[in-house]
Structure formats: C-alpha cells, structure tokens
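Presented as structure tokens, the chain that follows is alone, the form predicted on its own.
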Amino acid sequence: MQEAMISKAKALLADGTVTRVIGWKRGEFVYDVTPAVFESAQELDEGFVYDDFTAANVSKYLIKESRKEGKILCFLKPCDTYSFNQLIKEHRIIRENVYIVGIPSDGKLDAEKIKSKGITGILSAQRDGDTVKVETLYGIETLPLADAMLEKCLSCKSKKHVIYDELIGEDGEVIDSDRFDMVEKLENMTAEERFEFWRSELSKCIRCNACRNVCPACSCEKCVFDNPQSGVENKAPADSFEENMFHIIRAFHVAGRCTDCGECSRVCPQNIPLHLLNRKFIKDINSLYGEYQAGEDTTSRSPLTNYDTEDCEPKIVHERGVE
C-alpha cells in the first residue's frame, strides 16, 4: 500500500494536480508515526510512511493546509472521511483546495497495548492472520491481533469512504458495530459505580490537552481553556471538580458533531477511555432523536442544532435521566 500511495502522490505532484502532500513520517521509534507535509518526490521517497502504526487522522490539519496556496493531496482512511465531511459542514475546510485519495484500512496497531504485554525494544510488527509477530531487540514475540489493535479499530463503525476524489483499492461497507457495548455496561451500573469509574479514570488526567488538540471537532481558533478570563484556563486542576469538568465540558462541546474517530483516546498518554463519553452522547442522540451519524454527509443538520416537530420533549429527556 505504501508504494501505491507514493506512486499516486508523485503522479499528482508531477501533473500539477497538487502542490504538496499530507501524509505521515517516522519519528524516533518504528511506532512513532506522525502527520507530515511533503512537497517533492524526493521528500516522499525519503520520509513517507504508511504501515500498521499509521493511525493518525489528518483531517484536522487540513483546516490550515486548505487555506494555503495550491491544492494539497491527502490520503483518508474510511473513518477519517467522516471527520473531513464534518469539517466541511462546519465551513472549516476549503474543499476545492484538497484532493482526496481514499485508502482502505483493516485497523491499526496500538504500540502501548503491545508494550503492556511486556514487549519492549520494538523494531517492527507484522500481521499474520489473527496474530501479530513483533520483532524486538530481544527476539520475536507473537500475540493475538485483538490484543495489539487500537480500541477504536476493534469497534470500527465503517469501512466505507463517505467522500473522496478517487480510491486506491475497493470501498467497503458500513459495519454493524458493537461500539456501544461498553456504554451499555456503564449505563447498567449504579450511579455510585459510574461515578467511581469516571473518577478513577479522569483522576489520571495530566491536562496535557492532547485530546483537545487532536480532536477534529475541537477547531475553535481560541479555546475557552486557553482564555485567562474564563476562569477555567489551562492549568493543573485545583480539585477533583475541575478535573472532571474539563472532559465533561469538552464532551458536551462536541456532542452531535463527534464522528467517533477515537483520536482522543488514541493519543491520551494516561490511556483514559475518553471516547466513551462521546459515545454515550451519540447513543443518547440516536435513541432520543433517531439514528444520526456526524460526518456522514455535508448537508444534514445535527439533531441538537435542528428543530423538528417530532423531537422529544425535555420532560422525556428528564424522565429518562432519572431512570
């Protein structure tokens, strides 16, 4: 796949369709793969990477890149296209300045999950059916694929690209996902159990803002948490209330707009399952207002920003909450 992508990028650069390419480059470690912009065939040959550790969604980077001179090529996985569509809907990306090549994805590996199995000194990782072979400084290790894959990929909602200019490979379909299973498990807990679960998780937060910075839905030019006049300026939380409210406020802020890309949980250095807050809101919106998938198109309005005579009454929401 990497060779096909580089070949496509070179061709589009050569014929003037695009002036640059946003892709990924390797960092210090084999699993340290981050977004990068390439402007020549030589740069692509020297640095472009696409492998099982290439998980980052580049959609948010296109907010700024689409405002620069010339058209930029981006490669989008199916889940990424939902974020791209949502950003178009919110007038954050200039569509005509972006050339999209859709690429298939069978899920990405999670280096942190691999390391949690006691595997260190990772040099490479290769899938072999339902297992993953990891080459390390100390030899070859093997583990089940499910134990090495990103959580967001284990509960993937779609293999279908919802926007593209052309595809590499075949397009997939929307999947009957089990992504709300953990949300239902939390809903079945008592209020005290849920409180303890989230207190345990959110107390790990170090306020690094990685979740906010990577989130495609968090695209405000000036975040309230960066405003010294807001009273909630970015800082270490003074108490557990502030610790909780940062993530709860952020989840409310993206409700109805979150595409469930899972980037927030992927980049969290404390491994907090932040996506579960967003999935709770998605599940509630589906049950109260009807099925809705943010980013599925560029024209529909979120149920939370659109009035319909069939909307549920506040009384129903309140009674449901009491239950």
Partner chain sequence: MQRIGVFVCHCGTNIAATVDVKAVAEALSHEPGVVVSQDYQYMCSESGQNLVKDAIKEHKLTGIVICSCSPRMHENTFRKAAAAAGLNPYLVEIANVREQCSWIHKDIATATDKAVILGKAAVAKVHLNAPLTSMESPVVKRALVIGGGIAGIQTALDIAEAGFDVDIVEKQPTIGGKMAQIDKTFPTLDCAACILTPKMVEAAQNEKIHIHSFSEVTDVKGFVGNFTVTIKKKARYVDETKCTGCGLCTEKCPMKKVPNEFNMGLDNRTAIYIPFAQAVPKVATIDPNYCLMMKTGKCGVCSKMCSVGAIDYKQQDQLIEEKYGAIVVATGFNPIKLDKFDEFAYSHSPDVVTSLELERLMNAAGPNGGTLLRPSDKKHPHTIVFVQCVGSRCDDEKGKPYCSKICCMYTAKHAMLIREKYPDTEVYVFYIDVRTPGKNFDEFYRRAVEQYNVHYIKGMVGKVTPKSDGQLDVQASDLLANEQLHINADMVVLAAAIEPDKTARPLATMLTTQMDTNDFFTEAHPKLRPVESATAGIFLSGACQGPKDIPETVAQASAAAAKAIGLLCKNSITCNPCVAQSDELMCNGCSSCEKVCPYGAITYTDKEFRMPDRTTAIRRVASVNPAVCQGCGACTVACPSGAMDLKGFSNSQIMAEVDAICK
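Just so you know, these numbers come straight off a predicted model, no measurement behind them. Numbering follows the first chain given and starts at 1.
We do not show the form predicted together with the partner chain, though everything after this point is about it.
S.K.: Can we say Thr54, Thr190 and Arg250 each have a non-hydrogen atom within 4.5 Å of the partner chain in the model of the complex?
M.R.: Looking in the model of the complex, the three residues Thr54, Thr190 and Arg250 all stay beyond 4.5 Å of the partner chain (heavy atoms).
S.K.: I'd like to know whether Val224 contacts the partner chain in the model of the complex, with contact meaning heavy atoms within 4.5 angstroms.
M.R.: Yes, contact at 4.5 Å.
S.K.: Answer yes if any heavy atom of Lys280 is within 4.5 Å of a heavy atom of the partner chain in the model of the complex; otherwise answer no.
M.R.: Lys280: no contact with the partner chain in the model of the complex.
S.K.: Are any of the heavy atoms in Lys185 no more than 4.5 Å from a heavy atom of the partner chain in the model of the complex?
M.R.: Looking in the model of the complex, residue contacts with the partner chain do not include Lys185, since no heavy atom lies within 4.5 Å.
S.K.: Contact with the partner chain in the model of the complex for Lys25, defined as at least one heavy atom pair within 4.5 Å: yes or no?
M.R.: Lys25: no, not in contact with the partner chain in the model of the complex.
S.K.: Could you tell me which one of Lys77, Arg179, Arg92, Lys71 places a heavy atom within 4.5 Å of the partner chain in the model of the complex?
M.R.: Contact with the partner chain in the model of the complex is made by Arg92 alone.
S.K.: Heavy atoms, 4.5 Å, the partner chain in the model of the complex: which of 151-159, 164-172, 98-106, 216-224 makes the cut? Say which one.
M.R.: Comparing against the partner chain in the model of the complex, the contact stretch is 216-224.
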